[in-house]
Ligand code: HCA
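Encoded as structure tokens, the following chain is the form predicted on its own, with no partner shown.
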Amino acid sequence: MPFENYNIIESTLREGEQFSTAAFTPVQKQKIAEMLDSFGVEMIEMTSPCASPQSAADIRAVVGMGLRARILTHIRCNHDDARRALDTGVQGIDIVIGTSPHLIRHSHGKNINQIIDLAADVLSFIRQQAPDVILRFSTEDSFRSREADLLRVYLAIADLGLVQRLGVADTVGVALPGQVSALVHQLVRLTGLDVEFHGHNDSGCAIANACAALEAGATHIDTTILGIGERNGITPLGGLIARLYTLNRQYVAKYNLKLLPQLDLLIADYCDIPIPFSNYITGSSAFIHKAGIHAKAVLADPETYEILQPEDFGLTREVAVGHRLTGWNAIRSRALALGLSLDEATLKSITQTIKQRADHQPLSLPEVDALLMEAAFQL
């Protein structure tokens, strides 16, 4: 099964640095890398050493931490970038060049033949200098590129025998899952190489596209914590985990899931942003049940309305009780949590009182508890 054999390339320290409010210090980068390693990601991708002197120093510092995750860096397809990447001591180098008409015209100005020749030259140079380094070649803006151009480039690179992995990038978040599946399937069938998917979330398809890539045979998925990145970011780590967990918990058993809330909180703090209420797994509403019919069923068996089990992520569920939609089963559960034994008639009477008052203003939990305590005292 394709979902059983995949690796996460965690790019918070590369793509994530491109997020509007991200400005990670060297200490913060090491903390992020340490926590990602503890979580269990297989690879950590860092900003190109050509970005700034500090970026190069940060790569060396993380490489020197001796983490289990392999440390990669991401560079343009040229000799200078390659030399600087090799000098940092990284275990892998991710090379990218645009192949869409937009990027050919406005970015590097090279035609497809020139792209192939340049890639062959740079990849050969790296392989001569570092026979054991992991090499990936990726096209940028893959899904606005001409299919014939893409296949020419990928097949030419594969024939060189220099790279372990090919990358496809939905750089502007335009692809549909079917398009991702078709391209990845072609590359796997035609080249036999590992395939990596990098998907932006401009139109909300990043997680679906990542799963389509895995289903089609991709072996590596790029993520960032909270999905941060250029514009609307890329496939969020938590979102990918949530999607795979719902298919089969064993697909994510290799990761320390209880660290996910800490990772999300860390990046929210570093970037000075809130975690969205609807965020996968760690959003404030992710495990809150409100409507009476939902609450009754969840209290009987959480799987009736929960596809994700909060305890697997070190979290807890909550049944909201101080509102007009509450049911007496939820009130009974709260009474039992307080150690109170109230009969059904009393619980239903309290429930009606809460509903009437909540029509004007929801009750806080202490207010609900006060009603229950008062009823217990009167018995």
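All residue numbers are counted from 1 along the displayed sequence. Everything numeric in this text was worked out from a predicted model, so none of it was measured.
The form predicted in complex with 3-hydroxy-3-carboxy-adipic acid (HCA) is left out here; the points below concern that form.
* Asked: Looking at 136, 220, 289, 243, which has any heavy atom no more than 4.5 Å from 3-hydroxy-3-carboxy-adipic acid (HCA) in the model of the complex?
  -> Residue within 4.5 Å of the partner: 136.
* Would you mind picking the one in 212, 93, 169, 116 that has a heavy atom within 4.5 Å of 3-hydroxy-3-carboxy-adipic acid (HCA) in the model of the complex? => Of 212, 93, 169, 116, the residue with a heavy atom within 4.5 Å of 3-hydroxy-3-carboxy-adipic acid (HCA) in the model of the complex is 169.
* Report whether the minimum heavy atom distance between residue 196 and 3-hydroxy-3-carboxy-adipic acid (HCA) in the model of the complex is within 4.5 Å. => Yes, residue 196 sits close enough to 3-hydroxy-3-carboxy-adipic acid (HCA) in the model of the complex that at least one of its heavy atoms falls within 4.5 Å.
* Consider residue 264 of the chain shown here, and say whether it contacts 3-hydroxy-3-carboxy-adipic acid (HCA) in the model of the complex, taking contact as heavy atoms within 4.5 Å. => So residue 264 does not count as contacting 3-hydroxy-3-carboxy-adipic acid (HCA).
* **4.5 Å heavy atom contact, residue 10 and 3-hydroxy-3-carboxy-adipic acid (HCA) in the model of the complex** => So residue 10 does not count as contacting 3-hydroxy-3-carboxy-adipic acid (HCA).
* Where does 3-hydroxy-3-carboxy-adipic acid (HCA) sit in the model of the complex: which of 247 to 255, 105 to 113, 196 to 204, 303 to 311, heavy atoms within 4.5 Å? -> Result for this chain: 196 to 204.
* Asked: What are the residues of 9 to 32, in order along the chain, with a heavy atom within 4.5 Å of 3-hydroxy-3-carboxy-adipic acid (HCA) in the model of the complex?
  -> In sequence order, 14, 15, 18 come within 4.5 Å of the partner.
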